[in-house]
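To begin, one chain is listed below as structure tokens, in the form predicted alone.
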């Protein structure tokens, strides 16, 4: 290949790449608004709360922030809003050994912050971040009805079993030793606060009696 041919190849190749980059940039910018929901006054207020209390100093959101605490991009999808509100206002009442300090966030600020997190969760992030690893037993072919329900209801978002799952709620690895009464578990699933005062756990009253019993039976096998 001659010097002139190589020079032309470089020039026209670079120009083609530049044109493709411009086209892709224009296309991306044209679709950005479609990938995010409408920003309301409440969402805007929640973003101000996020910055006021320097939440980004410990948490990440949409890839930005620190990695001392859990990513909050899809927090509203992984945790009930009622739980999040209680935790935001006073973490220690939900988890006694929580590393998150009591920031003095008001109820209104907590509602606004959750509205902001709800908005963030609806942003199309192309599947990122990936969902946490679920309890391995729940995915097996020999899974019991209770294990399947544990997975389907995303219980591992808050609870660990043998080191797998979330840490927002109690570790359930040995819950069968601590509480072997199936009826207690059924009552707890239907109305958590009826047996655990100030519980932040959402109720599972939407499950029928057979499903509640299956899930409770699974709980007492965890020993």
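Positions refer to the first chain, counted from 1. Remember, predicted model here, so these are calculated numbers, not experimental data.
Keep in mind that the form predicted in complex with a small molecule is missing from the display, and what follows is about it.
- In the predicted complex, the small molecule sits within 4.5 Å of a heavy atom of residue 159.
- The small molecule in the predicted complex is not approached by residue 119, whose heavy atoms all lie more than 4.5 angstroms from it.
- The shortest heavy atom separation between residue 214 and the small molecule in the predicted complex exceeds 4.5 Å.
- The small molecule is not shown here, and in the predicted complex it never comes within 4.5 Å of any heavy atom of residue 182.
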